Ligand code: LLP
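Heads up, the chain below is alone and in the form predicted alone; it's given as structure tokens.
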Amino acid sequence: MSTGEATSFGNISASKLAEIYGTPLLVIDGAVLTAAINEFVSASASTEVEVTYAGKALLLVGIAQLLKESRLRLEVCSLGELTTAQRAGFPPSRIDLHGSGKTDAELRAAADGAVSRTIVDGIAELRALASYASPSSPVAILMRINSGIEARTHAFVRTAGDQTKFGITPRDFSTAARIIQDNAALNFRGLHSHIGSQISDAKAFIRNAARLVDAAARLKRLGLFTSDLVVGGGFAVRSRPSERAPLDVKRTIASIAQEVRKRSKARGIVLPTVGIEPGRALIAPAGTLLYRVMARKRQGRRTFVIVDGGMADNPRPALYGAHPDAKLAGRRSNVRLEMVTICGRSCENDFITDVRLARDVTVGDILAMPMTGAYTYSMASNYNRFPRPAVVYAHGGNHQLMARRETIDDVLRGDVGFLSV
């Protein structure tokens, strides 16, 4: 049985990309990304559901340029993400501004028309936005609510329920309605609720949609009319390519749309436009981290394979127990498998994953971790003063740099030292 393979992306081998760009390296496979976008667009077309890419999963100027050519909207949650979209020429009419603690600069950008809709997360933010906006050019807003649906996922990525910071609770609806009605600078467009990430239970999305419609009916009685209703993202993806897809995307989207139609009719409200916000589900399958083996050692009964990356470029295992897969990518091997622990070179036992690899894995080999396009580079840090890796886009036999590898000068660029010692 072959236990390794010459992995390729867009007909370019992992070994060649590693040789050209070095490692660690995040490779984005253009064909896989395009297929993921097409899957969501196709699944949403018959139900007229709007699809928005959640930029926090991975947003580079090049990614935004690719998305600009699609039918997707884009969600940003910081001035940095907004500026990235602007440098890509992404149209403001398709940008939503998110965030649970927006700065004055971000609120001013929203008031100045840099985005299409602002998703307001709290009462204080609602008042602040009203102070920046002008009645002659009202800011379109969605009110993010806490629907109370506690998704079965890791606590760190659960974003609704009593233990989360996000959204406006039903007890504050009356206050929010008064602020909106008293400010001509605020144009209420509808509601938003995101319940978490890596959700594999379609019923959670359907329950969230139902809660949103109920909230729209209550706000109608308070004088606010919902035209847009966004049920968030969080569609689970496979941790390993060999796993079955945890969700049927088309069926889930259809079920959400059906629930909104049925419940809107029952609650006596005009059918709103439904929106979803996948991020990980679009970019994770397209991304693969490439590492080079630096050491292989035996400690007790355990074999450790140390690679030239770690929690600085892939913090997800340390943050919330993600278990990425890994395989020998640069050569073929017919040696039988053994269980090894792949870890990085940070100052912690940063266990990345336990996987079966060929027993002849050795220093210099290239390992590939698929399904790592989301929340790796976007969450990367300079811990231990490691430079962040490069990102390359591969498609149709061509490859192009999306983000250059940081240098030590980049890492130290913010250091100012002391004026005098």
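Start at 1 with the first residue shown and count on from there. Please read all numbers here as calculations on a predicted model, not as lab measurements.
Absent from the display: the form predicted together with this ligand. The rest refers to it.
Student: Can you pick the one in V27, I352, A54, M369 that has a heavy atom within 4.5 Å of this ligand in the model of the complex?
Tutor: Only one listed residue qualifies here, and that residue is A54.
Student: Pick from F173, F304, Y320, Y132: which residue has any heavy atom within 4.5 angstroms of this ligand in the model of the complex?
Tutor: So the residue touching this ligand in the model of the complex, by this definition, is Y320.
Student: Using a 4.5 Å heavy atom cut-off, indicate which stretch of 107-115, 265-273, 312-320, 87-95 touches this ligand in the model of the complex.
Tutor: Residues of 312-320 come within 4.5 Å of the partner.
Student: Should P278 be counted as a contact of this ligand in the model of the complex, where contact means heavy atoms within 4.5 Å?
Tutor: Heavy-atom contact with this ligand at 4.5 Å: present for P278.
Student: Heavy atoms within 4.5 Å of this ligand in the model of the complex: does R144 have any?
Tutor: Close contact exists here: in the model of the complex, R144 approaches this ligand to within 4.5 Å, heavy atoms only.
Student: Verify the contact flag for G190: yes if a non-hydrogen atom of it lies within 4.5 Å of a non-hydrogen atom of this ligand in the model of the complex, no if not.
Tutor: No, G190 is distant from the partner.
Student: Is T226 part of the interface with this ligand in the model of the complex - any heavy atom within 4.5 Å?
Tutor: Output for T226 is no: heavy atoms all beyond 4.5 Å of this ligand.
Student: For the stretch 68-84, return the residues whose heavy atoms include at least one within 4.5 Å of this ligand in the model of the complex, in the order they occur.
Tutor: Read in sequence order, the lone residue that approaches this ligand (within 4.5 Å, in the model of the complex) is E75.
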